[in-house]
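Next up is one chain by itself, shown in structure tokens, the form predicted on its own.
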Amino acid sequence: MFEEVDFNKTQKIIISNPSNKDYKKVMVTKALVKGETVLKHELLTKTQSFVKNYSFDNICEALEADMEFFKQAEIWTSDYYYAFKITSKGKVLSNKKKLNTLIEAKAINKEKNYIIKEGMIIPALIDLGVMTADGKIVKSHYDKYRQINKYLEMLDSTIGYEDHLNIVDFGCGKSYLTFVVYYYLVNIRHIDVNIIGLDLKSGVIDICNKIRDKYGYKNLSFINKDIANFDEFDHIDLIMTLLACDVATDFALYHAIRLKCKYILSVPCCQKEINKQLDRSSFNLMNKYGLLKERFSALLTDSIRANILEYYGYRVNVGEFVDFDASPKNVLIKGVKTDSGKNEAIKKELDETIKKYGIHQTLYDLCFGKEND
């Protein structure tokens, strides 16, 4: 069927119109795996996603096998757009169009390649009102959908090849993220996980545990407990926070440090602690304006947090979580534990910063309070 296609120039492939009611579609996109460009073949069913990587030379055979269960294929290469359709009588119809302009070529990758694609059915997200029964994202929750996918992208690029993970979601709230991370790691990555969601609101914890029980999610639990008193795990591989308010992020990071957690993915929320302490004597030109003072306080807070992680031997990256127009709370702090020891030069800078602004900062106090008394 695909004899005339030069698959060495493949950009994207979509196979759709399934003859098997359990299937949704197939997406093939370019991906970089261990420094080599491959074609990521993703078969979407109503409840799962099956991923396998192919070289450019052997993707054709996989597509021919796919067409036993689908009736339509679209292929974009760097030069041409191809369309194939199998009629009800088994006849193959095809069309080929040259991509004449740069705009057409760029349009190939216009669709965002989300890990959790619209149309994938995740039962917990239906119960939480994020998606409808047929897998469509509820319009009012689309920003949440984008946040979840971005977080999964960061998670996927951080954890590498693991076969077991102990995970704590501090300040889980309604647990949109917790349920999706569980679904992704168990059903797509096929990783053995033990996940705990922690929150102070007993009502949302009860709802989350009912959803967990409803769908029989093993090794997933939700606990009504203060982050400051968490002692459920002796060993944690990944600590994650998504918009944990104010100093809740500091307690989460402190436990990550204390337990020598391998991975940290933290998206801070409102940060009131330093903002309340600053007066006009520190950068009066800035701090006399409420909005600028608020943003400066947030930047200073996250700078202190990131440097404390570095001090304890974490390789730290501070990046943009989502576009600013989607949420102003768009900073993600990623930490990966290394074998390096404590960096005393960073500790000296931290001490000087705390002294300069005359402030207390919770993570700093938790980590260094006694030794600085």
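Each residue number is its position in the shown sequence, starting from 1. The structure displayed is predicted, hence computed values, not measured ones.
Although not depicted, the form predicted in complex with a small molecule is the subject of the following passage.
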Scan A133, L200, L93, L292 and let me know which has any heavy atom within 4.5 Å of the small molecule in the predicted complex. L200
From A256, C172, V181, I167: within 4.5 Å of the small molecule in the predicted complex by heavy atoms is C172
Within 4.5 Å of the small molecule in the predicted complex, do A306, L363 and F368 each have at least one heavy atom? no
If contact means a heavy atom within 4.5 Å, which one of 200-208, 155-163, 120-128, 69-77 is the stretch that engages the small molecule in the predicted complex? 200-208
If you check in the predicted complex, is K225 within 4.5 Å of the small molecule, heavy atoms only? yes
Residue-level question: is K150 within 4.5 Å of the small molecule in the predicted complex, judged on heavy atoms? no
Looking at the partner-bound form in the predicted complex, is L243 within 4.5 Å of the small molecule by any heavy atom? yes
Would Y176 count as a contact of the small molecule in the predicted complex, using a 4.5 angstroms cut-off between non-hydrogen atoms? yes
